[in-house]
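The data below hold one chain only, encoded as structure tokens and taken in the form predicted alone.
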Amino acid sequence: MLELLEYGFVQRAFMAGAILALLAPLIGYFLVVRRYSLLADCLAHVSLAGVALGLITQINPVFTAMGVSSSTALLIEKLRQKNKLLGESLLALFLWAGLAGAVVLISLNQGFNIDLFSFLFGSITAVTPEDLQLIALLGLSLGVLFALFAKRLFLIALDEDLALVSGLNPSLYNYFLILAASITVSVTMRIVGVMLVGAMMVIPVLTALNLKVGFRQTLLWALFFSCASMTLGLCLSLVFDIVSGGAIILTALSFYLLSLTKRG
């Protein structure tokens, strides 16, 4: 196992995974608190359509996925604010639309290929130096912003009316949150896979919530479970030669099941 760490692609996978492990729960915590967990899954399906579009047009799929998912996220928030549909119905609508669009574009690309498979389920060998630089820039930028606005985001997630009375602009922070989620899904999908990256935003947070501790402690525990899941999952992927995304998520689910004993 240790000799594998000498390879550049393994080092890049662990470094990118560490950034995702720290970033995903920061976003996921506020999505879960506001009962918007399905947003991560919705954006993942929409990003898949962006990946397929990139493969067809021969544009970097990360950038096409980012463009499609970000524009969709803005549209979702705009419709939510106008009360066109309830939150769950709105997310379900775009989830189906994203999946349908992805299926059509994949068929135009003559079905699945190796590149698409790595985006779907993650590949430990797929993280390039350019991907790592982009992920590091994203992690640093969003990490600083969340550190500055964490309390405001938490207040808005709990009660938008109270936040408005307190002088905050909930709309502005909501747009920031969904854009952060959409960009994170698009940029980090090489590691976990576009179909599973949303789970990394939600499962560690749900695991931490089972411990029934305060806001700060819950967030710290979510970060711990996320990092542990990422590290163990990547190790399992290397040792048993299995898809990295599946290994990481199954590890995260194992932590969640263990947390249920604490909750009981």
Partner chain sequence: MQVAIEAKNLHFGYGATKVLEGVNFQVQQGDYVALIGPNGGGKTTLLKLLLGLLKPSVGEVLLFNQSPQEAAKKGKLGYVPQLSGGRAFDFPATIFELVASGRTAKLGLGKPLKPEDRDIIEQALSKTGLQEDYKKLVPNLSGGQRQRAFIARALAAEPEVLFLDEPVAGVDLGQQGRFYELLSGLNQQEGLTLVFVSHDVGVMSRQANRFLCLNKKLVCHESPDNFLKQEFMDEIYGKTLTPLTHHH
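Residue numbers count along the first chain shown, from 1. All values reported here derive from a predicted model rather than from experimental measurement.
Quick note: we don't show the form predicted in complex with its partner chain, though the next part is all about it.
- Proximity of Arg35, Phe154 and Val165 to its partner chain in the predicted complex is complete: all three residues have a non-hydrogen atom within 4.5 angstroms.
- Checked against its partner chain in the predicted complex, the candidates Leu220, Val213, Ile56, Val239 yield a single residue with a heavy atom inside 4.5 Å, and that residue is Val213.
- At a distance threshold of 4.5 angstroms between non-hydrogen atoms, Glu130 is out of contact with its partner chain in the predicted complex.
- Using a 4.5 Å cutoff between non-hydrogen atoms, Leu158 counts as a contact of its partner chain in the predicted complex.
- Mapping the unseen interface onto this chain, Tyr29 counts among the residues with a heavy atom inside 4.5 Å of its partner chain in the predicted complex.
- In the predicted complex, at least one heavy atom of Tyr173 sits within 4.5 Å of its partner chain.
- With the partner omitted here, the stretch from 70 to 78, 89 to 97, 178 to 186, 141 to 149 that lies within 4.5 Å of its partner chain by heavy atoms in the predicted complex is 141 to 149.
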